[in-house]
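Only one chain is included here, represented as structure tokens and corresponding to the form predicted alone.
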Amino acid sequence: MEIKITHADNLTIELTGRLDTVTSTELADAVAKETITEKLVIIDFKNLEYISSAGLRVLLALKKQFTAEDRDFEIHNLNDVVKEVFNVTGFINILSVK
């Protein structure tokens, strides 16, 4: 998986590839290394091909972290495959999806 992090008016994290058991720790580690000052954190899924339960767990952990830090957290650009996973698991109602 490729992770691109951009600091601007908001923090944008672009993911390319698969967010699964192997790569979910990469995302958690990449976010942990960042000094985040932005109020809004966006994870852009436009190039994400697949997400597993491990990927969902790391998203839930990030949501809890950002909520505790009084930051807004949004997921953008779900493709049909990932959107179906979000619908089936109920994550569509747990996370802010745009």
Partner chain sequence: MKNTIKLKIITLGLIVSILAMAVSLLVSYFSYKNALYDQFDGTIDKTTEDVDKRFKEEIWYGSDFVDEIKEIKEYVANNYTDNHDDPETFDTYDDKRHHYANKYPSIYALYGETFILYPSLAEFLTKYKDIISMLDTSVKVSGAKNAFICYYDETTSSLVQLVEYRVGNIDIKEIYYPGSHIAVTETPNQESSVVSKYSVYGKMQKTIPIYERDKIGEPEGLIAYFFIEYDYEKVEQEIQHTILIQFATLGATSVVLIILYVLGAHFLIIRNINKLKKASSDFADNLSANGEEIKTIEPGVKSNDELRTLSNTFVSMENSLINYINVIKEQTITEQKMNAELSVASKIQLEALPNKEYDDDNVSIRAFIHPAKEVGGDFYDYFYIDETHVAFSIQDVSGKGIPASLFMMKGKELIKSKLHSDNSLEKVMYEVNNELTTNNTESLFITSFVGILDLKKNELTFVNAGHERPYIIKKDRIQQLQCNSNFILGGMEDFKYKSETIPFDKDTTIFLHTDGLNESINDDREEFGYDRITEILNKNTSSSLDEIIEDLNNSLKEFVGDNEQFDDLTMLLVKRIEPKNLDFKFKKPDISIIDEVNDKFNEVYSEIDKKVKSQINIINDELLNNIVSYEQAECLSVEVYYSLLGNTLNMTFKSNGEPYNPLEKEEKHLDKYSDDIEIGGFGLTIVKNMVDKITYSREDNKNVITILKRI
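Keep in mind that what you see is a predicted model, and the values were worked out from it rather than measured. Residue numbers count along the first chain shown, from 1.
This protein has a second form, the form predicted in complex with the partner chain, left out of what is shown; the following refers to that one.
**Q** Heavy atom to heavy atom, is residue 13 within 4.5 Å of the partner chain in the predicted bound form?
**A** No.
**Q** Please tell me whether any heavy atom belonging to residue 84 falls inside 4.5 Å of a heavy atom of the partner chain, as the geometry stands in the predicted bound form.
**A** Close contact exists here: in the predicted bound form, residue 84 approaches the partner chain to within 4.5 Å, heavy atoms only.
**Q** I'd like to know whether residue 6 contacts the partner chain in the predicted bound form, with contact meaning heavy atoms within 4.5 angstroms.
**A** Judged by the heavy-atom cut-off of 4.5 Å, residue 6 is well away from the partner chain in the predicted bound form.
**Q** Consider residue 20 of the chain shown here, and say whether it contacts the partner chain in the predicted bound form, taking contact as heavy atoms within 4.5 Å.
**A** Yes, residue 20 is a contact residue.
**Q** If you look in the predicted bound form, which residues in 58-73 sit within 4.5 Å of the partner chain (heavy atoms)?
**A** Counting only heavy atoms within 4.5 Å of the partner chain in the predicted bound form, the contacting residues of 58-73 are 60, 61, 63, 64, 67.
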